[in-house]
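Before any questions on how it binds or moves, here is one chain, the form predicted alone, in structure tokens.
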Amino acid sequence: MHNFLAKKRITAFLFILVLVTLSVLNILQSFGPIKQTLASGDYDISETKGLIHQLDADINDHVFEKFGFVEAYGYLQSLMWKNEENNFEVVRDMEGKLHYTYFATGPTYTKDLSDRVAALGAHLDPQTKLTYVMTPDKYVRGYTTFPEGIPYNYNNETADGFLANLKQDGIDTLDLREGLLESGIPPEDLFFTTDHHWKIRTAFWAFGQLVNHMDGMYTKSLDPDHYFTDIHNYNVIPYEDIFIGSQGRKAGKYFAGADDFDLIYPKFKTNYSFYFKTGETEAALNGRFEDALLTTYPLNVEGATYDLTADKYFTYLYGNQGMVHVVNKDNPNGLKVMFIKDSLAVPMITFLSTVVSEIYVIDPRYYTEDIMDFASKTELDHVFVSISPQDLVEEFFPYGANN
């Protein structure tokens, strides 16, 4: 009896010791970010909820050995043949690719969002064309299948309804979901396994589709000799097993592995200026395509597999910036265009810069000024709105609302 109680006491002591040790380590790990948030926080009563949310994020983002626990959990899920993580936040399809999903009973109502795009079109100069470019969802119809019991979010059906509304309003559309399986790219290579974005080769294919679509709207072809849209005129540098995307960061590398990444940039001579501004951060660069429009930092960073700074998709245009302005100095008489976009469109836009004169890029999440005002006051030939099916929500359409 005495030995039994002694074992209980030792077990309890060790358990408490582990809890106290982890608590101390977590406090030390998150102390700096918490202190910074408290120092810069707005203590107005109306901002209390936001401050609490930020403190919660600081603690969750700086858990001691966070990704060690994520990897261990993902590995256990794999051992049990499970295809979901975090209560179905991330799921695995029959081909092993990860997806964001949620339980839904049907498509989302988006008429108010398509009305905002129509309001944007009505606000533009009559000479400025407007096109909605629908990038594909990672759930590729005719290819992707989910195991039994995995929820489907109806993103494609939501996109169908949204495009139908735009067409009823007379707005030009390009649906890049069409022809995707006939693109020549194997279906398993259209999207990254661990990230919600398409691969760079798929974005290059989309660039060609966009040029073809625009050629039908202008008397002068953007690429009459099919030179700029030919991937043989580009360097393709493969990086193997280097990329763990946003979905992989939630599940760990033992749940779905790592992705290869192709860096694609022109072989031909180029000359650009590039400027971006997000909040108070701004920068300007000049030079060739690969010097001005690409950053290779994510490809070279070491020891930060799950860090956002290692996100390879941010190689193009330095990721998601509030406002970007690209000038192709070798094509001063080309079209001047503007994109209101989410992250999926970024590499496609980068490649489009080879056939136009100027591109303005606005990310509605980080641009704090009036988008419609910017579009109407800027000399533009064409405005594109490109928000992917998964992002057809109010956050990406902060303009043209009926109040």
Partner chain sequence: MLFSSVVFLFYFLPLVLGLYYVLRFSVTLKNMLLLVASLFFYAWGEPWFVLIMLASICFNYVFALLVDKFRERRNAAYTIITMMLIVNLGMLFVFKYLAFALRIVNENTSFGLSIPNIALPLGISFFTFHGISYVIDVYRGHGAVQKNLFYVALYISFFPQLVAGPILRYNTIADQMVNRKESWDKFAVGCCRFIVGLGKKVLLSNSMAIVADHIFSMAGTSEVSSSLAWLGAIAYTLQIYFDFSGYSDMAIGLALMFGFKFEENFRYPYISRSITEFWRRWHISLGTWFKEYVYFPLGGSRVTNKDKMIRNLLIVWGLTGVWHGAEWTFVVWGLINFTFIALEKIFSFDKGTRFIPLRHLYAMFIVVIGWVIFRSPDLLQAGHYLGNMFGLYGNGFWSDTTGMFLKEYAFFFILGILFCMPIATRMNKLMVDGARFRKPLELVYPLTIIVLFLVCVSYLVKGTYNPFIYFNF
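As the structure is a prediction and not an experimental result, all values here were calculated from the model. Each form is matched to the other, and the largest set of C-alpha atoms that superpose within 1.5 Å is called the rigid core. Residue numbers count along the first chain shown, from 1.
There is another form of the same protein, the form predicted in complex with its partner chain; it is not shown, and what comes next is about it.
Original post:
Which pick from N235, N286, N212, N86 sits with a heavy atom within 4.5 Å of its partner chain in the predicted complex?
Top reply: Looking at N235, N286, N212, N86 one by one, just N86 meets the 4.5 Å heavy-atom criterion.
Subject >> Candidate from Y318, Y154, Y73, Y100 lying within 4.5 Å of its partner chain in the predicted complex - any heavy atom >> reply: Residue within 4.5 Å of the partner: Y73.
**OP:** Sort through 362-370, 48-56, 332-340, 345-353 and report the only stretch with a non-hydrogen atom within 4.5 Å of its partner chain in the predicted complex.
**Re:** Stretch with heavy atoms near the partner: 48-56.
**OP:** Give a yes/no on whether G149 approaches its partner chain to within 4.5 Å in the predicted complex, heavy atoms considered.
**Re:** Residue-level check for G149: yes, a contact with its partner chain.
Original post:
Does the 4.5 Å heavy atom contact test between A12 and its partner chain in the predicted complex come out positive?
Top reply: The answer is yes: A12 has a heavy atom within 4.5 Å of its partner chain.
Original post:
Is there a non-hydrogen atom of V18 within 4.5 angstroms of a non-hydrogen atom of its partner chain in the predicted complex?
Top reply: Yes, contact at 4.5 Å.
**OP:** Give a yes or no for I27: in the predicted complex, does one of its heavy atoms lie within 4.5 Å of a heavy atom belonging to its partner chain?
**Re:** Yes, I27 lies within 4.5 Å of its partner chain in the predicted complex.
**OP:** Spell it out for me: taking its partner chain in the predicted complex, does every residue among T173, Y239 and A256 have a heavy atom no farther than 4.5 Å from it?
**Re:** Contact check failed for every one of T173, Y239 and A256.
**OP:** Determine whether the C-alpha of N60 shifts by 2 Å or more between this form and the one not shown once the rigid core is superposed.
**Re:** The answer is yes; the displacement is at least 2 Å.
Original post:
Once everything's superposed on the core, is L19 shifted 2 Å or more at the Cα between this form and the one not shown?
Top reply: The answer is yes; the displacement is at least 2 Å.
Subject >> Cα displacement of I10 between this form and the one not shown reaching 2 Å, rigid core superposed >> reply: Yes; that C-alpha moves by at least 2 Å between this form and the one not shown.
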